[in-house]
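In structure tokens, the next block holds one chain alone, the form predicted alone.
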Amino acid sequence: MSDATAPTLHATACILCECNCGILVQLGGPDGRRFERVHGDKAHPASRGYTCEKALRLDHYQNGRDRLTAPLRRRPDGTFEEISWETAIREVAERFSRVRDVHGGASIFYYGGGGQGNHLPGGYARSTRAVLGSAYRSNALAQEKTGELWVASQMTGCFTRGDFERCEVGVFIGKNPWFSHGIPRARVTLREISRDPERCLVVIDPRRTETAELADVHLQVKPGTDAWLLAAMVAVLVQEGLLAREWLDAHATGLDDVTSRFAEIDVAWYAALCGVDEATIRATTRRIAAAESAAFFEDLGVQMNRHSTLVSYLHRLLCFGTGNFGKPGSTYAPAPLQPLANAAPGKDRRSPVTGSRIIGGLVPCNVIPDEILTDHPGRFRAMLVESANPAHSLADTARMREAFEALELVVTIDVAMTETARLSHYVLPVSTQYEKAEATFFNFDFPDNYFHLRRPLLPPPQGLFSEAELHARLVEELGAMPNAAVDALRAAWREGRSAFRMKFMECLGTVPQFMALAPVALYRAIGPELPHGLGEGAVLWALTQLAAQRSGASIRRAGVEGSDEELGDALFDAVIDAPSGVVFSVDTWDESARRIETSDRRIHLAVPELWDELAALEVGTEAATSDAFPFVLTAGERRSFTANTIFREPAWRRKDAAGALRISPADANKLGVEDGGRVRVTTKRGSVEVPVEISDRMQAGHVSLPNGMGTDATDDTGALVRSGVALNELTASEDRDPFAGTPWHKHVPARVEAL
């Protein structure tokens, strides 16, 4: 094909996992809006042409049949009617104002501000929330990462990741990157480690996952016993003299307090409890301790499981205890453009009703119903949901539904009629991620880190616009837009960057609440001035200024030039001008030590708040299962054809469309069920009927159902059809980590009966 007839390929990114791999999209179809082909983008700084099979099916998101095209208002009978944008903005602003004026802004709860690759709305929502006085928020990170974030705040004061490209030993804990990714070019990197005889791949997982099959060592724990395994490994370090004592003396505190708690642990007893051979535990620990470098990654398999916060701590003791920090192939502290959640030590903030610990600014998801279904004067009375589906994705669907129905006002901002939208008083549709500028904030690469501001591929359907525009209109309707400041900033932008910076700083000092209003003010002032349809990227101007102050040397090493005053603008321009993303920081390895934010800039090994839970391990495993519920159900397993529920149409799944229950051959034989047969799965919350897939990847007593299922989609007749199991009809909100409040979705006691 000649260059003249070659199809146009548009650079953007996949939005189905945190990697946000760069992709090239060929548009076509009768209306020119179909994703006809999707390729990996070789110009993308991190993925470099890599992508998995899921990105190839993004047309199911962009052109889903349940796309909303007009604002909706719920009638008294529960049905919805279309209303104009003028009416929607006016009524939503009025009703939120009424809740604020009667009960206080803290009673307005915000859920969202994230989603895979859909992050800029969180910045603009900050302005709306500030005007309303909304003080409490949460999102999917509180289902997964808050225990890890809290441990990081205590030990290093900063978030850390592992360098798997260069490590000698790679350790994955409760993670199957073959399907869940989480590191750049995951399958390429896994193969490189597994094929190199000088390197070692270690997987800790109760299932024989696709990653475990590549591993040199698979520590196949009994479900939910990761804490005993990791405690035994730390005990081996202590008892066999394998600690990197010289390094620890130079970089850490609290070693003696830690070693005293592991010196007497009975490794053989802990090995028996977790189901892994003692000799294998010792040999694996020695291999990690002897390596030049080791990288670690924990994920949802342990973060949505029992003892999750303790596991995050034990994993870090194993990492830091072997000196694996701040050198190639080990753990590092990245330089993100914007931290997703603050990991620095802070005050002990609590939720208003249950007094639950708020970590990284996020209320634990599992306590949200308890913060609503009460007569407590501080209860949540209204909710703004954005690019999220908590009625489906959070534990205990029945109780979540009850909580939504008890609220005085629910407003959902989304592209489709989700399960949460159906419970809302107003549904406000917006552009898809490919009809506006959007950015990727899960950027943790090292030593070269990148940022990708994605250009819109398509205009939105007539009448729709982005969340940035929506929040600007809400702030204007609420009478809070600083219009004089917006006009002055626009004029200063046209005059030059120096004038603009001066005017922005002047506004910070003179305009009330300007820091919180800055996102919408920037959007109104400079959004129309930005090239390539990147108006929603206006909020990044402020972030690049802060990044330049925080990481100036790293930014300059990436080739971004400018004086201290000009560097933030130079970085902003570099981001704006890079359709496939840009490397914005290049670190040296000693930068990690400088990013430690503890009081003495050393790693704090002792975390006394976790001592009691650590000591309780000596009693043995708790009885999660029972005669009534003898199986452990993993409610949410990543498979080849599961992804975010933004894929609402079941047609995208080429395999396992019904979402089969995976069960071991021994258990299938005991139950008398064959492959493809049907069973009933019952938990203390509910019961479902599902087909069976007999799999030798599963241990006896352990079953799993896939994630991303159970959404309602419209069929050809207009009727709603559910595909697979909505997992949170089986989970219970009280089953959560006692410290961080993260759910135990990977460890649900269940009963399985053949039909």
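A residue's number is simply how far along the shown sequence it sits, counting from 1. All values derive from a computational prediction rather than experimental measurement.
The same protein also has a form predicted in complex with a small molecule, omitted here; what follows describes it.
Note that among 538 to 546, 584 to 592, 641 to 649, 162 to 170, the stretch whose heavy atoms approach the small molecule to within 4.5 Å in the predicted bound form is 641 to 649. The listed set Pro364, Gly147, Pro390, Gly321 contains one residue whose heavy atoms approach the small molecule in the predicted bound form to within 4.5 Å, identified as Pro390. Contact annotation: of the candidates Ser293, Ser180, Thr440, Ser551, the single residue with a non-hydrogen atom within 4.5 angstroms of the small molecule in the predicted bound form is Ser180. Using a 4.5 Å cutoff between non-hydrogen atoms, Arg316 does not count as a contact of the small molecule in the predicted bound form. In the predicted bound form, the small molecule lies farther than 4.5 Å from every heavy atom of Thr331. Residue contact check for Gly568: none of its heavy atoms lie within 4.5 Å of the small molecule in the predicted bound form. Looking at Thr12, you'd find every heavy atom of it more than 4.5 angstroms from the small molecule in the predicted bound form.
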